[in-house]
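Just one chain follows, in the form predicted alone, and it is written as structure tokens.
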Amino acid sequence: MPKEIVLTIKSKYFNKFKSGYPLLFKEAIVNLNDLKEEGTLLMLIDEQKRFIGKGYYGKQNKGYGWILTRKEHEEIDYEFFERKIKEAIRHRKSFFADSETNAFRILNGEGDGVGGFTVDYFDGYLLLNWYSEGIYQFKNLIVELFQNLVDYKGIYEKKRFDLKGQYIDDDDFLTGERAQFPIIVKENGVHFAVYLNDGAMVGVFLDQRNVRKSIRDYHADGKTVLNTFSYTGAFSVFAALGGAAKTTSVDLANRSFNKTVEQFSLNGVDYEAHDIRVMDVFNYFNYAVRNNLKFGMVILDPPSFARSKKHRFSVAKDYKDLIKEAISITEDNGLIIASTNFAGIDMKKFKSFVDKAFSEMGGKYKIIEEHSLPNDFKTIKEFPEGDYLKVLFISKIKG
């Protein structure tokens, strides 16, 4: 295992870390210059020499590492990681037994007690996502444990820890048998094509599973649906299977057309009966207004930050106006599904965007459903940033 150093934390942060907050941050560290090599194990004490916990040094976004235990005599070793991974797998026991879903998360970083990496399961293939060089130092140990503890076909990885926080694109295959891509997975009986060897995004965002199911089972029937920032069209597929009269999928990325066609076709849906547009979402809003288009459901799931030739978007600054755009083309008694994965705002703030948008448009609304992360994306209350997903089903009331 890597060597251990003593890291001193400012005493004013003692209670914060001692009570369970797991992410180390620059402002809390006294002897920052002692941090040299990522992956170094840390013994954390405050300025009064009080024990706080043990963890490791690894730069991740604004973080400088993770606390893994608050037991002074617990070693961070093979047995420690084995306990954490076994516990994570037990937590997903129902997912492994689900015949209708075989794509889910089996370890969710700090939610499962080991911040810095996640592991997803795709019909027997594991995908390990590493978010710092620090946790990557434990790679061989972690891979060996998953080989021993999970019945798997093959293991892939994504390294997401270069200096700009971007995906490092190299050979993603680690061990086992190489997959024949795409891997066809199931989610609540619906099929998705997944590519573990094709860049940072694999084809479906697993954290939206419950949202998609609700759209299909309760809300799509008979509606015209606009799916903005549609990526591979997953929401559109579920809406179509739920009886939507027509879906329109809009995304700026050129790949979105073929990817969406593929997802429709896998599920026996005639993609030619639906509309797939490769264009700037904001330009599409203008197009819809000019042509008096109205939708029974408008789905908003933008990236936290986006930029095109003519538009810049950030959730914190621009989501309210995005909702206003949606209001203008949503039918009376229609539904707006507003979603964000931006950890920098909480649900209260997100709801305030909705309230201000409708107020400025002179409209009325009712929130009929709320969603956060599904059970396989385990979180802890001491780290609210980890519970990043916020989804609101908003009924536009005729008035």
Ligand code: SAH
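Predicted model only: the values in this text are computed from it and were never measured. All residue numbers are counted from 1 along the displayed sequence.
What comes next is about the form predicted together with the ligand, which does not appear here.
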Checklist entry - Since exactly one of 181, 205, 96, 146 fits, which has a heavy atom within 4.5 Å of the ligand in the predicted complex? => result 205
Next on the checklist: Quick check on this chain: which one of 121, 282, 161, 295 has a heavy atom within 4.5 Å of the ligand in the predicted complex?
Outcome noted: 282
Checklist entry - Taking heavy atoms only, is residue 251 within 4.5 angstroms of the ligand in the predicted complex? => result yes
Next on the checklist: in the predicted complex, is there a heavy atom of the ligand that lies within 4.5 Å of any heavy atom of residue 125, even though the partner is absent here?
Outcome noted: no
Checklist entry - Might residue 308 be said to contact the ligand in the predicted complex, defining contact as any heavy atom within 4.5 Å? => result yes
Next on the checklist: Does any part of residue 191 reach within 4.5 Å of the ligand in the predicted complex? Heavy atoms only, please.
Outcome noted: no
Checklist entry - Picking from 84 to 92, 70 to 78, 318 to 326, 227 to 235, which part of the chain touches the ligand in the predicted complex when contact means heavy atoms within 4.5 Å? => result 227 to 235
Item to check | Contacts with the ligand in the predicted complex - residues in 351 to 384 whose heavy atoms fall within 4.5 Å | outcome: none
